[in-house]
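Read the single chain below, which is given as structure tokens and is the form predicted on its own.
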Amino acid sequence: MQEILTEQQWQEFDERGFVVLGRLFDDKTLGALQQRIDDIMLGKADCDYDRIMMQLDSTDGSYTNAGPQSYGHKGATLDYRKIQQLEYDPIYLEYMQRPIFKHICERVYGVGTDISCFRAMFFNKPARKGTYLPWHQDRWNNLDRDPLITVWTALDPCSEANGAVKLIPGSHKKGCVNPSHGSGFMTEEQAQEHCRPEDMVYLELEAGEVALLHNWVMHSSDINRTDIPRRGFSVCYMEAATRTNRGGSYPVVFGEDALVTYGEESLVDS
């Protein structure tokens, strides 16, 4: 399995703001990640649900009508939109700490830099459901520096029809378009200016494929119009020295005092 990116892949990432890395792990690992997230949604997982943020999907596809983003299990259903704090789950943490992801962080943030996870979360567009996600950039104005990269892993096939992420190649070079918004969402006027349909591409992936994204690349996604769920695992890596405007920090995944897995079957490729 690939453990470092090629210079050609880095060049594509720098130019387009994203690059598809392909399959980085075997079917056993994919199956374990799929089963684990289903067990978490259905309330079958041996985990601390009070430590996991869970949000139910909207019933009408509207972003504003999605359920509250709050801690705790909200019923046995596969219709969750988002599950966050998965860095505290041993199965997902072990996956997050693979050598290739450390290599990526070293290339972006520097060798020897301790790395934290801003968020490790499951995104879901259930079959024939899903929530429309408006155009935005992944940046947050409550941090003292911007996280720069996200690793996106497809747990199901991702296509235009089932709500694959839509991207504007090269848009990360424009910097932060709407820095006043706390989560990087763009106004309708900004979206019309910067996210023209003729410039858009879909991040279509097979189950198990991985993509590296620059957080400033403009992106959006639609609802799922198929019978195939669109499940994905998204990890935003950042410098561990990052602090919130109240002095808070985030869990370390590479470096001193990094989180460790415990008591679960290993996902290391056999």
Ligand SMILES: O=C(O)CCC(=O)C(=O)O
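Numbering starts at 1 and runs along the sequence shown. Not measured: the values here are computed from a predicted model.
Below: the form predicted in complex with the named molecule, not depicted.
K.L.:
Can you confirm whether R119, L133 and D138, the three residues that make up this candidate site, all sit within 4.5 Å of the named molecule in the predicted complex, judged by heavy atoms?
P.N.:
Checked in the predicted complex: all three residues contact the named molecule.
K.L.:
Within 4.5 Å, heavy atoms only, which of W152, Y95, Y80, F101 is in contact with the named molecule in the predicted complex?
P.N.:
Exactly one listed residue reaches within 4.5 Å, namely W152.
K.L.:
Taking the named molecule in the predicted complex as the reference, which of S234, T226, Q55, S58 has a non-hydrogen atom within 4.5 Å?
P.N.:
By the 4.5 Å heavy-atom cutoff, the listed residue in contact is S234.
K.L.:
Indicate whether the named molecule has at least one heavy atom within 4.5 Å of a heavy atom of H219 in the predicted complex.
P.N.:
H219: contacts the named molecule in the predicted complex.
K.L.:
Heavy atom to heavy atom, is V165 within 4.5 Å of the named molecule in the predicted complex?
P.N.:
Contact with the named molecule, yes.
K.L.:
Within 4.5 Å of the named molecule in the predicted complex, counting heavy atoms only, one of 105-113, 191-199, 119-127, 67-75 shows up; tell me which.
P.N.:
Of the options, only 119-127 has residues within 4.5 Å of the partner.
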